[in-house]
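Just one chain follows, in the form predicted on its own, and it is written as structure tokens.
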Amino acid sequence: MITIDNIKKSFDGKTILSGVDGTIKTGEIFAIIGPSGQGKTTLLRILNLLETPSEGNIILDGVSIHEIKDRNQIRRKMGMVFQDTIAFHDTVFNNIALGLRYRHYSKKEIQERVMQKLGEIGLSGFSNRNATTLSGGEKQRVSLARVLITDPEILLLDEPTANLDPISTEVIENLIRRYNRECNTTVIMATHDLLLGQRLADRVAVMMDGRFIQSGTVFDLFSRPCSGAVAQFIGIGNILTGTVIGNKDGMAVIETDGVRVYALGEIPPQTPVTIAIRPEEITLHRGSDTGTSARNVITGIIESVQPFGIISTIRVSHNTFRLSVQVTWQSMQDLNLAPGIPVTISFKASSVHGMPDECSHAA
């Protein structure tokens, strides 16, 4: 288990990490997500002993990694794959074999293990190719293989699939998942790719302002963001502010831009609140007869239509109140939807997620 205890880091007087706290369980895939420039890579480098924190401590299985005299003892347990691919001006075989040679493996074992890794990363037959001539996706596969071949207990990944083609992305994700499951490898990855985090991670932490502001399972994080900033980052299209004007039997009535929105929750009256409503949880109807049992029913006008593949995002306005709704291409055609068309939207009270002004969660 890794404990991150109040890690702070500054460079030239600029604060990068402002107090990171969290626990990473042995054998889990832990994703650190957040906008660029929030300190994700710096934290990985501290975990890998490439940087020293200004304050705080990293504790691995009850021992501070910064107090161990022989740092190689810790480094042998870890492997890190950087966002910028590293390809040495040598053969693909020798690039992958590098860590084994440092560990004095026999030539026979190096041969067997490297050839096995080449097959796993889909580069059989590339053994004698110069690694610097490979594509970006192929180089990243070689970088990952060079680390995995040493069987690290902890795998650190910085944007492991950034700017890669779909085939290389799938190969790398499958390798990460396989080693995590078969070898109980603890995986810590930093990424701004929300889909990558959702596909691979057991738990996710959102890093903003140099600290973890929310963490939990993928479902918890993406269904119950703790603030408007987190909701915006994870892509919830409707974030509104309002005031609770009433609460009865577990149902809050929130006034926002002149519209009353009903939400589940014991929120005291007069409480300012930020609410998030996913566009995919809103139903759109032509006319006023919706036939719905949803608590929230609002009439409006289509303001804009933004196609995105087979899904279109429709912006509906009611005076100054606006919500985005997602509909399929087929529904667009069937309902003949276009800007200026009057419509009715509906959504359940359980689809309205209320949030406090600030988050207070650590990992």
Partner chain sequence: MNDLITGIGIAFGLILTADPEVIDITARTLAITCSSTLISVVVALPLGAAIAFRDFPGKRTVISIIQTLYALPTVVVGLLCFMVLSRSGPLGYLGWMFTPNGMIFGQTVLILPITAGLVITALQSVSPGITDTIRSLGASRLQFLRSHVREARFAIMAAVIVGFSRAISEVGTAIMIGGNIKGHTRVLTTAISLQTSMGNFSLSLALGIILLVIALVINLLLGLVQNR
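Numbering follows the first chain given and starts at 1. Here the structure is a predicted model, which means the values were calculated and not measured.
The discussion below concerns the form predicted in complex with its partner chain, not included here.
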Could you work out which of Arg286, Arg103, Arg177, Arg224 is the residue within 4.5 angstroms of its partner chain in the model of the complex, going by heavy atoms? Arg103
With the partner omitted here, the residue among Gly99, Gly237, Gly228, Gly137 that in the model of the complex has a heavy atom within 4.5 Å of its partner chain is Gly99
Quick check: do Thr241, Ile298 and Lys348 each get a heavy atom within 4.5 Å of its partner chain in the model of the complex? no
Is the gap between Arg76 and its partner chain in the model of the complex 4.5 Å or less for some heavy atom pair? yes
Give a yes/no on whether Asn94 approaches its partner chain to within 4.5 Å in the model of the complex, heavy atoms considered. yes
My question is simply whether Lys248 lines the interface with its partner chain in the model of the complex - judged by any non-hydrogen atom within 4.5 Å. no
Mark Asp151 yes when one of its heavy atoms lies within 4.5 Å of a heavy atom of its partner chain in the model of the complex, and no otherwise. no
For the chain seen here without its partner, which of 114 to 122, 78 to 86, 249 to 257, 168 to 176 has a heavy atom within 4.5 Å of its partner chain in the model of the complex? 78 to 86
Within 4.5 Å of its partner chain in the model of the complex: residues from 187 to 221 (heavy atom criterion): none
